[in-house]
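Shown below, as structure tokens, is a lone chain in the form predicted on its own; questions about how it binds or moves come after it.
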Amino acid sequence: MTAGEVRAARERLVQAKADLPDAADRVELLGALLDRLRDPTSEPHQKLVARLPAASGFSPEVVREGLRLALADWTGEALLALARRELGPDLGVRGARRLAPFETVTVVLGGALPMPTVIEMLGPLVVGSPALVKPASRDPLTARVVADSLAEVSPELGRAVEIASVRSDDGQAMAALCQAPCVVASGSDATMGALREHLPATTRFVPHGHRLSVAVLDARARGDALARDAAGLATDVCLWDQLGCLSPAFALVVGEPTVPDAVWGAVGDALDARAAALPRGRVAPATAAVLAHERQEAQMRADANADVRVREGNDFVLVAEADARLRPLPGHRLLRLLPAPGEGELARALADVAPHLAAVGIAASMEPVVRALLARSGASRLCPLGRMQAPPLSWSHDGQPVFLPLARWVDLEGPGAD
């Protein structure tokens, strides 16, 4: 789209705002959309399962299982409960305070996972603002599926969403895209910085920059408990090929100076089994070269240090490190196990990633020991292993509410105010 086409789309959205259903009806209709998306027999769900692998590079098995797990609890009832919690029981009326939606909201999507697209497209509509949406380059499909499904659920809501396919290197079109009272964006920190250059000083900016997540294992776990933790970690790694902000970039093994053989073996076996059921998707040549380099570098260190081990399986590489030093994290199922003998080492390892920490997946036996420590790590979500890729709809992404940053509030004073 050219800059002129972007401005024309925004004008259509301004006109569409007048026809939006009231708050209660909007949330009900948007809830119906969520229920359709999560239904594996529905047309939009089947479109995502059939077409997302080619569009995003994930394997069909990963897309199918990832959607099933992530959308399981994203129901219409959950959306209504979240909207009432943040906006009040009357969805925008709190005594003398009233919700004041922005005229339009621009949504700049990033990444390759479909779930952030869903919630970031629905957010402006929940608060009563039409949305101008730039799809992610790595997932051009999900935004269009959501927009088409929205039009089927409600023509009025369908007209309140416009898809803007804008080249990121087209400065004029990007500037037109950002001429909005509120801009929501996801992507790398560099992308957030580039967007800021296009934003007017008065624009509300809601950035979601680079994030990663971490897993915590119990070095002393054995038997069934260890097997469950390892299986949960393997699921978290294999779903979405370790490329989402909720994917564990590495795992800290707490309680011993080195990674125990039992933990090493259990995690490797679990990855073998899970990777066979969930094949890895496409890997770009440049990324494949990075993965090969990191594997070879780890093997050289293993040849010189018995505490370093490398296991290469079906579509994964597992490395047990000798210490908790942070090393390159290329994703695509290269998982490092880092020993953290005590809480001090755990705290130091988390401090290295604290500014970017989204979630921490915790082994069941570790919860009473580390939960208080992890609450100070900067993470906005603590959850059991195996659930890292299934955040609730109400998850406070980046530590902030879901809908409140997308609108203003006005206080009414004087006669007529409650």
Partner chain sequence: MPLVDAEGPLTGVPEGAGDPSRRALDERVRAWMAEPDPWASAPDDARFGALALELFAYQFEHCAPYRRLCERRDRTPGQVDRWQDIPAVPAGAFKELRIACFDPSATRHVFRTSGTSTAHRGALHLDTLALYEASLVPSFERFLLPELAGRPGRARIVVLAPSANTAPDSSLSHMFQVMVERRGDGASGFFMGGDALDVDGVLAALAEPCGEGVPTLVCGTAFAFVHLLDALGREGGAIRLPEGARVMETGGFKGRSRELARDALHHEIADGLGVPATRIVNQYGMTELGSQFYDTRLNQPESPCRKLGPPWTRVLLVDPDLGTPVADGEPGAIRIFDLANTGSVACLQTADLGRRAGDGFEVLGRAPGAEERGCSIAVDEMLGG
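If you're wondering where the values come from, they're calculated on a predicted model, not measured in any experiment. Numbering follows the first chain given and starts at 1.
Below: the form predicted in complex with the partner chain, not depicted.
- Among Val93, Ala277, Ala289, Ala227, the residue placing a heavy atom within 4.5 Å of the partner chain in the predicted complex is Ala289.
- Scanning Ala100, Ala306, Met300, Ala81 against the partner chain in the predicted complex with a 4.5 Å heavy atom cut-off leaves one residue, Met300.
- Among heavy atoms of Gly386, none comes within 4.5 Å of the partner chain in the predicted complex.
- Looking at Asp189, you'd find a heavy atom of it within 4.5 angstroms of the partner chain in the predicted complex.
- Within this chain, Gly281 lines the site of the partner chain in the predicted complex, having a heavy atom no more than 4.5 Å away.
- Proximity of Ala72 to the partner chain in the predicted complex: non-hydrogen atoms within 4.5 Å are absent; the residue sits far from the partner.
- Remark: of stretches 320-328, 84-92, 227-235, 147-155, the one touching the partner chain in the predicted complex is 320-328 (heavy atom within 4.5 Å).
- Shown without its partner, the chain has Asp352, Val353, His356 in segment 338-358 as residues with a non-hydrogen atom within 4.5 angstroms of the partner chain in the predicted complex.
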